[in-house]
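First, one chain by itself: the form predicted alone, in structure tokens.
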């Protein structure tokens, strides 16, 4: 939806002009280039979503709700032109949890959307807040996975303030998104809604590789927090990760070792990453046939009911 490119300037402004024009052209294309890239990589089906930051960066709640609804209607129209190739994630204005829950239900019910992708915090508000329990309850009832996607920091940490190169996609987004996911976990969201499914990109934003330490240090320093399971357990019961934007075989094998083969899904991160590179990576990854089938399509079929 063209209006959303204005919000994306928060990070596209840092790209070289030619790269920015190419990126925006690919984002606006739903037919020729996108499907050609899918075909070249033998990708049968993709789930489309609104690029960051979207309405998570819009301070006006009413405007955000209107634009999010228009985005979902627009996306549904585009998907209807290629229903065997495309699915959709809802874009939600998270300013009002009850309204976000209603919009999630509408898009799942009326459009067959596969869940929602939320671009991080909403103007500095995080979703472990108990006010969002109504939203999480609806997502659980709908069995609609929620993809938590990176966002810029609400406030850049002092550590990173003098080094802009580390504040965004290179490092900071994973810190911000991983921290948000941990707020949900240690805030008891998965205990209150045990059927909830959370998806993280970029090989889980570093988190799978910290599972053992989460258990060890939480046991030593619980700070009054109680959980029904060790923190590591939620990475298999509630959290799923995608390979989006990380084409490293050793990292993939480590993620599968930590998460289990059922909780890791292949993804590209198009158009920010190359479909050709991502497909070459997964084709060459040293996986047995059963694991390859799970990661490349079986887990997605199950999680998103394809």
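Residue numbers count along the first chain shown, from 1. In this text the structure is predicted, and so the values were computed from the model without any measurement.
There is another form of this protein, the form predicted in complex with a further copy of the same chain, and it is not shown here; the text below is about that form.
With a further copy of the same chain left out of view, the stretch that reaches within 4.5 Å of it through heavy atoms in the predicted bound form is, among 265-273, 60-68, 33-41, 47-55, 265-273.
Contact annotation: residue 207 falls within 4.5 Å of a further copy of the same chain in the predicted bound form, judged by heavy atom distances.
Though the partner is left out of this view, residue 83 does not reach within 4.5 Å of a further copy of the same chain in the predicted bound form, counting heavy atoms only. Although the partner is absent from this view, residue 222 contacts a further copy of the same chain in the predicted bound form, with a non-hydrogen atom inside 4.5 angstroms.
Taking non-hydrogen atoms only, residue 248 approaches a further copy of the same chain to within 4.5 angstroms in the predicted bound form. Only one of 163, 131, 141, 98 lies close to a further copy of the same chain in the predicted bound form, with a heavy atom inside 4.5 Å, and it is 163. With the partner omitted here, the residue from 182, 123, 108, 76 that has a non-hydrogen atom within 4.5 angstroms of a further copy of the same chain in the predicted bound form is 182. In the predicted bound form, not one residue of 56-92 has a heavy atom within 4.5 Å of a further copy of the same chain.
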